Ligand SMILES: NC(=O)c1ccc[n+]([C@@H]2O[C@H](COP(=O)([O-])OP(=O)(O)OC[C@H]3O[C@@H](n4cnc5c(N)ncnc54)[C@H](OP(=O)(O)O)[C@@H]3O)[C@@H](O)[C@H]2O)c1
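Single chain ahead, by itself, as structure tokens, in the form predicted alone.
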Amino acid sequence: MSHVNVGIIGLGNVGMGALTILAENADQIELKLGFRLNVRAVCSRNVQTKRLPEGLGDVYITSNWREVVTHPEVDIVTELVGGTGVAREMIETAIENKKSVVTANKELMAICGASLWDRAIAAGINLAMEASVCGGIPIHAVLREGISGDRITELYGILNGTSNFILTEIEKRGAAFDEVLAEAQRLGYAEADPSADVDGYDARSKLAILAALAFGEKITPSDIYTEGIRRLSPTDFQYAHRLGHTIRLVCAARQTSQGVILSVRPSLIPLSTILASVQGAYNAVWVRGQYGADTFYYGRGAGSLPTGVAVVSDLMRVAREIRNGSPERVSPFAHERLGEYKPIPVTQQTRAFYIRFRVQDRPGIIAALAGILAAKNISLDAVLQLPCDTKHNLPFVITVEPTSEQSLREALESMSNLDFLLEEPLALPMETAL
């Protein structure tokens, strides 16, 4: 075989980015592989409206994905459709036809990637998914091979570029959440329905995949504690800065004596840490190993060409293994088999917390709140109140010393009936381990 043929299903931003790279960088790819990587077939529902890059050669064009996965000359099927319905059917049909698969589908891989890998191995073909997390950052390759000799103890990530763009714009400009969200939608960072991004579900799927690679356990995304960013305001950043911190949507995975604790939630992180400097739509992952200590990975988390690079790099790896190796060389999940994950509640963690209140001001408020916290053996660290023009909607912050999250939740529940509160308190963990 003098070449390996590729079929691409889905010609959105990522699909067109991958095609552009395959066309414009074909000679360099051939130099690296020692053989040609050809695009043999492409598929999109509106394929006739797409302008394909020049230089692809003889390409079969169709709107029927089954014609790609059953095409006798296609060696690797590239699924870039997304979702968990028809995309799963595409991958399963490709496996049945003994076609290797490359996908950027984070949601599907988080839910059933391990079982699809088992089916791929049984069929003697490969499954690769580098583009499913962090766009142009090769974090899969890092965990799968680059630092595979280490024992991962902690992993922290900023894994959703839309949320990070929104948070850093609120921080820089002092604009309200709704205003920045509307701007993110105009710029194409956020969808018309932004819930997957701003409510943390996109990041949750990505964390499920990374935790599987890092810890060798089969993670169900719904088992991950998840909070979004809708309640954050410029006021929260003002107080965070006063404390020497900023706020990011942090994806955290920690190995404890009880097991792995996973969470996706807005958290305060020290301004002195490298993770705090991640701005805009960029992603980053901080990995801590027992032997290799800390490593950090940073880059564009989305975008046509950065994610297209990840897709093409996967195509090259799979093509090499079709020509020279075995699909079982390295599992996409970095472990031969994944263990069954037993969810560990985040309430078992001990953390310092930032608690922001909005109140109708009157005497005795601090005493009442401090009494509730003391009843749960929670010690105050600081009380902060920035100048405010109105006493009818007064924000202030209490930080507490490290305490069990369970105790804090019980205290917040006891506060729920206090008549001076205008909304429920916002409690954010303060990450000190970074």
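No experiment lies behind these values; they were computed from the predicted model shown. Numbering starts at 1 and follows the sequence shown.
Below: the form predicted in complex with this ligand, not depicted.
Using a 4.5 Å cutoff between non-hydrogen atoms, Leu11 counts as a contact of this ligand in the predicted bound form.
Taking the partner from the other structure, this ligand in the predicted bound form has no heavy atom within 4.5 Å of any heavy atom of Arg409.
Using a 4.5 Å cutoff between non-hydrogen atoms, Arg45 counts as a contact of this ligand in the predicted bound form. Using a 4.5 Å cutoff between non-hydrogen atoms, Lys376 does not count as a contact of this ligand in the predicted bound form. Stretch 104-112 is the contacting one of 217-225, 346-354, 104-112, 265-273, since its residues have non-hydrogen atoms within 4.5 Å of this ligand in the predicted bound form. Of the residues given (Leu338, Leu181, Val81, Ala252), Val81 alone sits with a heavy atom within 4.5 Å of this ligand in the predicted bound form. Among Leu159, Ala131, Ile139, Leu315, the residue placing a heavy atom within 4.5 Å of this ligand in the predicted bound form is Ala131. Taken together, the three residues Phe237, Leu386 and Leu418 all stay farther than 4.5 Å from this ligand in the predicted bound form, as judged by their closest heavy atom.
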